[in-house]
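Read on for two forms of one protein chain; each stands alone as structure tokens, with the labels structure 1 and structure 2.
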Structure 1
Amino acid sequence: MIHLLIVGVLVVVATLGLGLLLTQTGILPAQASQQAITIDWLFDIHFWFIAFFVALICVIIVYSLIVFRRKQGEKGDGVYMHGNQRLEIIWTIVPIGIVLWMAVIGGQTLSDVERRDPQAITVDVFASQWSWRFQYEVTTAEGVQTAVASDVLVLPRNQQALLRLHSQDVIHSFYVPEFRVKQDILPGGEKYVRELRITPNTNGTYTVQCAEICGQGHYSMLAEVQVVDGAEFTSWLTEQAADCNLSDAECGLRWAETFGCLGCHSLDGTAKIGPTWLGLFGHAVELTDGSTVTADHNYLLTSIVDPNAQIVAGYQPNVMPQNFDELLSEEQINQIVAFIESLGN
């Protein structure tokens, strides 16, 4: 009996120590959404179960090795035990009960995470190798419905956001660690659009990352997430909905950032997945077929609307999206060309 008492006390102490270590020392990133609160509650339950079972197993093993080891001079084998039916019933029924209980609270947690708010704002998220684009529907002062695209995901605090996730090429995965929720993004059109609901509750800047290996640029598929107050969000949305009143080159930079061009093309000569734009305009470009062309206005224009027509030597076809002529207006494409031309020749 004394051995059981000592083991019980050691298990309790070890469980408390390990449980507090797992739940109170910031192993998980900071919470930044209502969903994170619910999910972390479930995480903590798992952590305490882990702490208990690790403590139980390790204490019994270590205690047995120390206390019941064969002493010097002892002979003979230990006492042979042929099973214990009562103990076997207990360690079968108890885990089954735990699993069933975890299934119930897991279902409740999933229901809380996916609870629908009829006042949720809708954001269409477009994932492509290797960039993110976020599109909002805005009604202007004249009552006209227009789409606003951004390379930054801006969300109002304490208001649910319904994210409609689209892939333009391969499987991606939307994940912001501070929000705790993650959803794979599937190609195949509207039929395969997935939805994810997030209610941010803490102002700040976070990072959305692709959590599904999606090609050689997967490591750089990141985008900024900003959680702001409702008034600031409305002001930002209004500003984004306004026409670009900058120069053609400055507007071109804006569209290049928004539509992920700079994820593959550098502005400083750094080698990336696509050719650098620095000093490209006006220079001779060697193609994969051995021919050489001059990177003039028409060449740049064709490279955007028909990227497989002239592949630069050392680079692969079918990497750049083939539908920029659908995503961008003619004016936007010409502005991007103007921006490339402004980078020198």
Structure 2
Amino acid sequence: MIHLLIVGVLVVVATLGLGLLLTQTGILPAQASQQAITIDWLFDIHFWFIAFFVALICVIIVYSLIVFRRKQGEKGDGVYMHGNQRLEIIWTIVPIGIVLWMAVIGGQTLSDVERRDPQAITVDVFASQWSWRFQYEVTTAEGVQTAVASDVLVLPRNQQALLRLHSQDVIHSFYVPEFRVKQDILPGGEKYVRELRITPNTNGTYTVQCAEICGQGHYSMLAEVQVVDGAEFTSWLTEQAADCNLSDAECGLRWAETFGCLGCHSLDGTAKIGPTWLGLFGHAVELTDGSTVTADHNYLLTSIVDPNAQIVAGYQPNVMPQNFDELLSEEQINQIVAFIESLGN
């Protein structure tokens, strides 16, 4: 009996210690969404159960190992007790009750996390190997419906954002740890578009990560998220909706950022998944078939719209998306070419 009493006290102490360690030391990232608050509430319940069960079993085991070990020179067996039907039934029924209760609150938190707000703003998210693009529907000052694309996900604070997730090649996954939620992104068009709802509640800069392995560039498939005040969001969107009225090369840089070109092509001479653009224009390029071509205007144009036509030696075919002539207007492609030309020397 005295053994059980000591173990009981130790279990309570260990549970408290372990529980406080798990809930109070910040082993979850900062909270930046309404969903995170709900989810962290459920995490805390889990943490206390974990603390209790680890304490219970470990205390009994460690106590037994110390107190009930066979001492030097001792012979003979332990106390003969082969089981207790009532005890077995208790430790079957009680856990069933606990897990059913967990499942019920698990369902409730899920419905909280996925609650729909009809006022949500819609953002189309396009994932491809290995970049992100975010597209907003806006009405310009002239009353024209237009789409704005960006390589940064800008979201207004305290308003639900409905992300419609599209993939152009393989399965990706949208994940921002501070928002606590993720959703896989499936290729295959409208039928496979999946939705994710997030209500950011803290201004700041975060990172979207691809959470589903998607090939060699998976680790670098990142994009910036900015949570800003509502007014700031509106003015940002209006600014983006305006036509690009910069020089061709400057507009080209903007499209190159927006459409993910820079995920694979560097501007500083380092070789990434694709060749660098620095010093490319006007120079000789060796291809996989051994021939050499000069990187002129036509070469660059072909390389964007039909990337498999000429593969540079040392690089793989079928890596670059082959649908840029559909995604981009002719003007935008020409502006990107103009930008690459400006990096020629």
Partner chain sequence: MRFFSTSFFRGLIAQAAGTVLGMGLVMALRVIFGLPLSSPVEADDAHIREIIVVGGVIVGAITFMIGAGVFTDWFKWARGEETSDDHTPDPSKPNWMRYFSVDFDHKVIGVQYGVTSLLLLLFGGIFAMLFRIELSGSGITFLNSEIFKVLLGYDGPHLYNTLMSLHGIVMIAGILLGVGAMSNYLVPMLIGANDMAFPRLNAFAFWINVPGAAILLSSLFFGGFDTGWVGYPPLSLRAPLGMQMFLIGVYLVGLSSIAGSINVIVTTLTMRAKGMSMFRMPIFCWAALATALLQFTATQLIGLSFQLVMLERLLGMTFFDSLKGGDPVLYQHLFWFYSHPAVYVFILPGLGVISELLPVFSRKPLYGTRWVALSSFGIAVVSFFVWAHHMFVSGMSPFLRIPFMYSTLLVAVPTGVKFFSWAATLWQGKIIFKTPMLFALGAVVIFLLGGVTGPPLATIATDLHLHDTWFVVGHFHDTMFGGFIFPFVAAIFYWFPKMTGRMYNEKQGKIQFWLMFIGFMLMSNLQLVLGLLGMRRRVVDFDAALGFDTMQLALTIGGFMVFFGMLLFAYNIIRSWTKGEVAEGNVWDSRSPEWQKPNPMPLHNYEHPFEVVGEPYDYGLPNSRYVNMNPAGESPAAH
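One-based numbering along structure 1's sequence throughout. A quick note: this is a predicted structure, and the numbers were derived from the prediction, not measured. Take the two forms, superpose them, and find the largest set of C-alpha atoms that agree within 1.5 Å; that set is the rigid core.
- Since only one of the two is the form predicted in complex with its partner chain, can you say which one? Pick structure 2 here.
- Message: Once both forms sit on the same rigid core, is the C-alpha displacement of residue 27 at or above 2 Å between structure 1 and structure 2?
- Response: The answer is no, as the C-alpha of residue 27 shifts between structure 1 and structure 2 by less than 2 Å after core alignment.
- After fitting the core, residue 284 CA displacement of 2 Å or more between structure 1 and structure 2: No, shifts by less than 2 Å.
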